[in-house]
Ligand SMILES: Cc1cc2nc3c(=O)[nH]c(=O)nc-3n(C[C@H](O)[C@H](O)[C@H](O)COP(=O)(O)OP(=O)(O)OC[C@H]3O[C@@H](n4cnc5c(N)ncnc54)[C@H](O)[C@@H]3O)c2cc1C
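Only one chain comes next, encoded as structure tokens, the form predicted alone.
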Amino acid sequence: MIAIAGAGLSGLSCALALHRRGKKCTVFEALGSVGGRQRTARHGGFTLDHGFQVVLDSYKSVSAVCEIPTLDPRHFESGAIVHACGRTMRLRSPMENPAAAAFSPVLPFPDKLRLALLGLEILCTPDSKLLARCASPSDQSTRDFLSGRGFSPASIGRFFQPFFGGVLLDNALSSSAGLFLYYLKKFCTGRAWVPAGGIQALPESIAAQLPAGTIRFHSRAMEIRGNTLLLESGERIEFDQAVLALDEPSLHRLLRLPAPPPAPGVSVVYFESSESLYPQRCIVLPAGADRLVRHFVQTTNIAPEFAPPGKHLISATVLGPECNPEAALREIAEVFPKAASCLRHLETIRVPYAVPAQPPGFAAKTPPPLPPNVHACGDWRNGASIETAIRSGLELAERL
């Protein structure tokens, strides 16, 4: 029997791949539902994801584990609304609307050329080569990479920092440039979308394909002794092979290893409104290095199902586990003044561990030592994304 600890994307994808090959496995999940960090809450008719999480059309592994149309994808428009120098400007994707992108005032013209050349470069580079950079001694921070390529402070402050600071959960852009280039390629080649039922619908759709009884909830893995997995309840599970599909801190605790480097946290502040702030199906990027709100979005422009009829839902991403909803509202009102009177704080969801630490060269670190017949998968190894989490589980299943 193959025992899998963790019913997040990696563990579920591994279990599904094993099931398709006729292998018996059991997934042991500490909580009462699947998803790991892909979680969705319900609040008075509102759908609240735990963090601003999107799927990209360019993620190839998603279609390997679920039928995407069954998730009712709700697509964003490519590009963003940028607020800088007291005005809002539309930034469009050069892949979809080259003319509009060329004449957008968001970026200086020389930086538009630099971005176009960089885009061509990464489009011609395999994903594996971009991610290999994350393990290279020559890897550098995203900010150093952008500065070295000649991008101006204005472009970094208006676009790269608010957008990729929110993607990487790293306002200083100190994360790996290899990971930044991988994400840039994925955003250039695919539109972002969310399931109509919230992000947790993705792991739930994978779990629904497993035989009944495959997943055991409220079964936290606590220790491994030989070929025995000890659960929090005291139950002992004998296995032939074990898969630890856990986040990095949980993996280290289970293996009795020192704690990994501190990881970024995030808070998402939700507001409701009876009045729309803006009509476009895209995110808003407030420029500036010291913003509390790294980006925000009127989610119901993309997925009207996320709110009751006649209501709008606004999601603001705040880096770090702590935040002040009133301060977040003030920053939103700097972009759209009517927000001060029409938005009402709905809920703040804090995610202390959102992604693993991903400094330059992070993928070169030595993986934790594992006992015989024990394997590990997860997004902590090669970069945090829905794609890498799923692929990690699929690749481990293939090796097993």
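Note that the coordinates shown come from a computational prediction; the quantities given were computed from them, not determined experimentally. One rule holds for the numbers: they count along the sequence shown, beginning at 1.
One more form of this protein exists, namely the form predicted together with the ligand; it is left out here, but the text below deals with it.
Within 4.5 Å of some heavy atom of the ligand in the predicted complex lies at least one heavy atom of V54.
Although the partner is absent here, E272 lies well away from the ligand in the predicted complex, with no heavy atom inside 4.5 Å. Using a 4.5 angstroms limit between non-hydrogen atoms, S250 touches the ligand in the predicted complex. Contact check for I68: no non-hydrogen atom falls within 4.5 Å of the ligand in the predicted complex. The stretch that touches the ligand in the predicted complex, counting heavy atoms within 4.5 Å, is 25-33, out of 367-375, 25-33, 40-48, 334-342. This chain appears without its partner; in the predicted complex, the one residue of L246, L146, A316, C134 with a heavy atom within 4.5 Å of the ligand is L246. In summary, among the residues S219, S205, Q298, S155, the only one with a non-hydrogen atom within 4.5 Å of the ligand in the predicted complex is S219.
Interface residues of 7-32, taken as those with a heavy atom within 4.5 Å of the ligand in the predicted complex (partner not displayed): A7, G8, L9, S10, G11, F28, E29, A30, L31, in sequence order.
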